[in-house]
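We begin with a single chain expressed as structure tokens, specifically the form predicted alone.
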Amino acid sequence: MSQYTELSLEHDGPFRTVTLRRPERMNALSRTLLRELGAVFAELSADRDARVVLLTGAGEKAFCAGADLKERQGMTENDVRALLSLYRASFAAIDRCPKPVIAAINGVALGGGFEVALACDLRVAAQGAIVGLPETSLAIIPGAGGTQRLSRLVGPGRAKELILLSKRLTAAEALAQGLVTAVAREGQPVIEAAKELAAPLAHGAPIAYAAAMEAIDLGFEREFDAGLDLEQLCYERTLVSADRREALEAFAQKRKPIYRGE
């Protein structure tokens, strides 16, 4: 029996699919769901057989509508501060996952819901998806990493435009502005489109993917030379791996390499 009550974890070969399961609340982020998100990504980080993680929402209306405003009713300011710390810890678990994480945005992803998607490495949107960070229209700001992750993704100028104007973007608009990596074809389930995008990753070199993501994510905040030092450390992990030797042997033998994450 699953240890999770508000999300599910499914295994499909090299894929792991995490589904937010509060469709009656448009998969809004309750405290329970946030804790379970942190726990499931800690579990996935240690899963040697997982190559790609897909994150999506139950139902057809929403990937995640953001904070559970019903739960927030009656919260004190200190309660909200504690909740923001929980957001930060849970989304950090997604950030730190050494597997490529792809958000399959199956519907509305607003506020905290889009901040979840921004914590992922890549994003695929359904044709009818709507994304945005509209918090300033409610007299607050994105408080679960949105100001930081969005500006790193599209630059500070575009991030200010989207946040200050509380813009809500269609899937096509999000693709044009670099907020999503791909959009599902008309009638194509977004989870299928995400697996299509992830197909090369499913049989790729996991040590190399983890090292590349670490070099990019952590190097972004460093001075250039310090970033190069980090890149060299990350490269070293791939240099001594059995996967690298397998890549060279496969090339010499004119066959596809078989990577084992070793």
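Because the structure is a prediction, the values reported are computed rather than measured. We number the residues from 1 along the sequence you see.
One more form of this protein, predicted in complex with ligand COA, exists but is not displayed; see below.
J.: Of the options R237, R222, R48, K61, which one has a non-hydrogen atom that comes within 4.5 Å of ligand COA in the predicted bound form?
T.: Of the listed residues, the single hit is K61.
J.: Which of these residues, A205, L37, A198, A28, gets a heavy atom within 4.5 Å of ligand COA in the predicted bound form?
T.: After the contact test, the surviving option is A28.
J.: Counting only heavy atoms and a 4.5 Å cutoff, which of 118-126, 158-166, 89-97, 133-141 contacts ligand COA in the predicted bound form?
T.: Checking each option against the 4.5 Å cut-off leaves 133-141.
J.: So, R21, L33 and A104: all three within 4.5 Å of ligand COA in the predicted bound form by heavy atoms, or not?
T.: Negative, none of the three is within 4.5 Å.
J.: Does L179 reach ligand COA in the predicted bound form, with heavy atoms at most 4.5 Å apart?
T.: The answer is no: L179 has no heavy atom within 4.5 Å of ligand COA.
J.: Tell me, yes or no, whether A67 is in contact with ligand COA in the predicted bound form, where a contact means a heavy atom of each within 4.5 Å.
T.: It does: once ligand COA is placed as it appears in the predicted bound form, A67 has a heavy atom within 4.5 Å of it.
J.: Taking ligand COA as it sits in the predicted bound form, is V108 in contact with it (heavy atom to heavy atom, 4.5 Å or less)?
T.: Because a heavy atom of V108 falls inside 4.5 Å of ligand COA in the predicted bound form, the answer is yes.
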